[in-house]
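Subsequent text provides structure tokens for two forms of one protein chain, presented individually as structure 1 and structure 2.
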Structure 1
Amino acid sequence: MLSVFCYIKEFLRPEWWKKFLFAKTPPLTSPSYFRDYPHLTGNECTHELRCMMICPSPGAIEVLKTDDGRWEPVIYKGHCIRCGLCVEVCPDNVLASGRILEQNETDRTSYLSSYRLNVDDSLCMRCSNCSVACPINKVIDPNLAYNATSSSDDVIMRVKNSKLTILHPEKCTGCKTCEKTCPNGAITVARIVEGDQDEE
């Protein structure tokens, strides 16, 4: 019996009637702070590949060359989990998603990343595929060839004294070309990321 009164009391509230009479579904629009899939802002991509390296979801983002010769990140929506790390890490603000960019600007936050190269000596067979394929090595020393005939020590890595030696890991941009070309999976690239905020 008491519950009947409860219901009657509930239905006699003017707020309930207001809701009942003026019910209208608002049009479906995403709010400005909603973190959607990343989209391009129009800034020029400088092919630093930081978005690819920080992305936690495999195969969600790829930086490809367009027909007119510019680099452009492509998001595969089936793989993307909308974490927004690629937006936050890009130094040129190529991507945008929600209000991450303006938040980063007001908070002065950014990610600093560095890379470490790790060689497993028991797997490495000194073929120097990695040293030859590395795009940074090619720029520094175009003469670097198989069996590491180059004598330059400015390169990131080369075979020295019949052992693959990492000489300058700080020059690595983390493109993982060495990891892909290694036939034995002996070399791995690890990224070290530090979230940072400037003080006023």
Structure 2
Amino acid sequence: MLSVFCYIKEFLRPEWWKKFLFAKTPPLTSPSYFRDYPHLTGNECTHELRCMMICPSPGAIEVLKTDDGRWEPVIYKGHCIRCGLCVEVCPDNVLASGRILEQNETDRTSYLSSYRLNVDDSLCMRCSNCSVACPINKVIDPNLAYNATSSSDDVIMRVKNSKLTILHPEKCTGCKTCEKTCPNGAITVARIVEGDQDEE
């Protein structure tokens, strides 16, 4: 019985009616640290594709060429999980989200990327399609013949001693032309990204 009187007493308070009838919700604003979908900063993209490389969500980001010939990352919000890794990994700060760029600058952190070429000898038939099609090989050895009998050891890969040999994986740009041209799927390009911190 006592509780009923307490409720009635509470409901009769003018302050209660004021709060009940004129309740207001504070305006919804995103805090500065909120990681929203990445957006363009206006910096020029140099087409290193690190954003696509590190993205854990397939189909969330793609770097496309615009009508005026510039490269530009496009975020597909239906796939993006807003992890912000594409923002962190970009060396040109093309994308931004929340305080990621500010925090990277404060912590002096960045990502280093490289590529690893893997050849499955049981599938490779030494046709040399990969080494001939490789755009970097073409620049290094313009005379690279159809059968890839290049004598230069400066190329990324070539058939050497009757075996496809990876000579300079550090020159790979990750274009995956070799993968696409291999008829047997014998060569694959793995993208490797490592975190780094400048201690100076």
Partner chain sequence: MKKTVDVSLPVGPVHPCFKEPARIKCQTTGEKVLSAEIELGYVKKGIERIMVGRPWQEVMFLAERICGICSVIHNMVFIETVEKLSDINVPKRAAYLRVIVNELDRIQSHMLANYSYCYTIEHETLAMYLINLRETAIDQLELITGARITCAYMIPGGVRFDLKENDAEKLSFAMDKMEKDLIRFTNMFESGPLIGLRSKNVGILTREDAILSHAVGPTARASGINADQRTNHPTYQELGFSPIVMDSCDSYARVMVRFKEVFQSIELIRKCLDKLPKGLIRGGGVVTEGEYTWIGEAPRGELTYHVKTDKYGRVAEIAIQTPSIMNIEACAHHMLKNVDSAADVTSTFISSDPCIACNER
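Residue numbering: structure 1 sequence, from 1. Computed from a predicted model, the values in this text were never measured in an experiment. Note that the rigid core is defined as the largest set of C-alphas that superpose within 1.5 Å between two forms.
- Both panels show the same chain in isolation, but it is structure 2 that comes from the form predicted on its own.
- Put the two forms on the same core and the Cα of L40 is off by less than 2 Å between the two structures.
- Annotation: Cα of L49 displaced by less than 2 Å between the two structures, core superposition.
- Once the rigid core is used as the reference frame, the Cα position of V139 differs between the two structures by 2 Å or more.
- In the core-aligned comparison between the two structures, the Cα atom of P14 sits 13.7 Å away from its counterpart.
- The Cα position of M157 changes by 2.9 Å between the two structures once both are aligned on the rigid core.
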